[in-house]
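What follows is one chain in structure tokens, specifically the form predicted alone.
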């Protein structure tokens, strides 16, 4: 079936419809279910920022496999502006955080809103300038890659500390920020694996078989890194045995539902990618890499539920529908990337 082609203005109109739909779902549904919208933003902030970060890292190290996916992944940069819009929609819900009852110098609503808006905007602008430089292949590509990665690390660390960890205030994990930006890169690689499979012949001059092999190898490596960081975080909490730290774990493992979700995302994010991608043959098959990538993204989504669900009530149907809407937006921008990416790379780019 032929792909529907949309103009750039149509893509932005699609995002407006998605934003309005999500806002209606958030504020028109049951008022006690206040965590679904935050779940959506936290999950997609990692995946979308991580996808751009994958291009930035591979451009810095001059990895050739990214040539097969550069335009696809960079076509997601406009959705970072959409994340900013979603955060603005979320602002009336800022009172869901427990620290709002006893605000401090760092954790107070005004400063929370200002710093997150500024950092999300900085990520949008850095991604745009990096995408333009990367598409032009000009001398500023590596400079903008470094700038974007710096903002990416800061942004994902703030997502971890501000949006997730502070839901369990005063629970503290010093590794949470590092865990989140590594996981965002992991999710960005998983998105790359899915997008490559959706169009396996992006460039006849490029050795296509190299891309899934390299993506599979990186997914294998990141599964080990993810598992190591997860265990290190758990080990520090277990060894310290401090009440303000173990409360987060005990609340979840004492619930049959969240204990099962914990086992699920451990399997999806570590065991399955590790066991499948350890095979050299599996790494070279785009279908296998895409399937494992889908498992990883599912695992990250389940993990976000594991973090947010006990602190805020969730609407499972709304969460699923919002995820479908976001995937629709992703596919729309990827499949209609030629017009707005060519304008971005051109001298007359706005």
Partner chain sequence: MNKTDPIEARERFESDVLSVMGRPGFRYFAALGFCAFLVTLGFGLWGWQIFRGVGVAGISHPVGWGVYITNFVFWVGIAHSGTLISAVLFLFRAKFRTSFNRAAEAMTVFALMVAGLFPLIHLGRVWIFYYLLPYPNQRLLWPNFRSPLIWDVFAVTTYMIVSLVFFYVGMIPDLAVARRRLKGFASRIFAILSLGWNGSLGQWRHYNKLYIFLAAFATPLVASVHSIVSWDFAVSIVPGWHTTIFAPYFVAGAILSGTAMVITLVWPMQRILKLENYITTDHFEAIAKILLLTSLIVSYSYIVETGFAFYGEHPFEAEQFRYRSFGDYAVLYWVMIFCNSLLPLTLFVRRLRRSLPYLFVLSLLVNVGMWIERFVIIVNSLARDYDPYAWGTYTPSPVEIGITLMSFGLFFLLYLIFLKVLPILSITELKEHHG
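Positions refer to the first chain, counted from 1. Keep in mind that what you see is a predicted model, and the values were worked out from it rather than measured.
FYI, the form predicted together with its partner chain isn't displayed, but the following is about it.
Taking the partner from elsewhere, no residue among 28, 261 and 320 has a non-hydrogen atom within 4.5 angstroms of its partner chain in the predicted complex. With the partner removed from view, the residue among 249, 267, 232, 91 that has a non-hydrogen atom within 4.5 Å of its partner chain in the predicted complex turns out to be 232. The single contact residue among 103, 140, 177, 98, judged by any heavy atom lying within 4.5 Å of its partner chain in the predicted complex, is 177. For residue 214, a non-hydrogen atom is located within 4.5 Å of its partner chain in the predicted complex, even though that partner is not displayed. In the predicted complex, its partner chain sits beyond 4.5 Å of every heavy atom of residue 114. Residue contact check for residue 87: none of its heavy atoms lie within 4.5 Å of its partner chain in the predicted complex.
Using a 4.5 angstroms limit between non-hydrogen atoms, residue 271 is distant from its partner chain in the predicted complex. The stretch in contact with its partner chain in the predicted complex, judged by heavy atoms within 4.5 Å, is 165 to 173, chosen from 69 to 77, 118 to 126, 165 to 173, 253 to 261. Taking its partner chain as positioned in the predicted complex, none of the residues of 57 to 80 brings a heavy atom within 4.5 Å of it.
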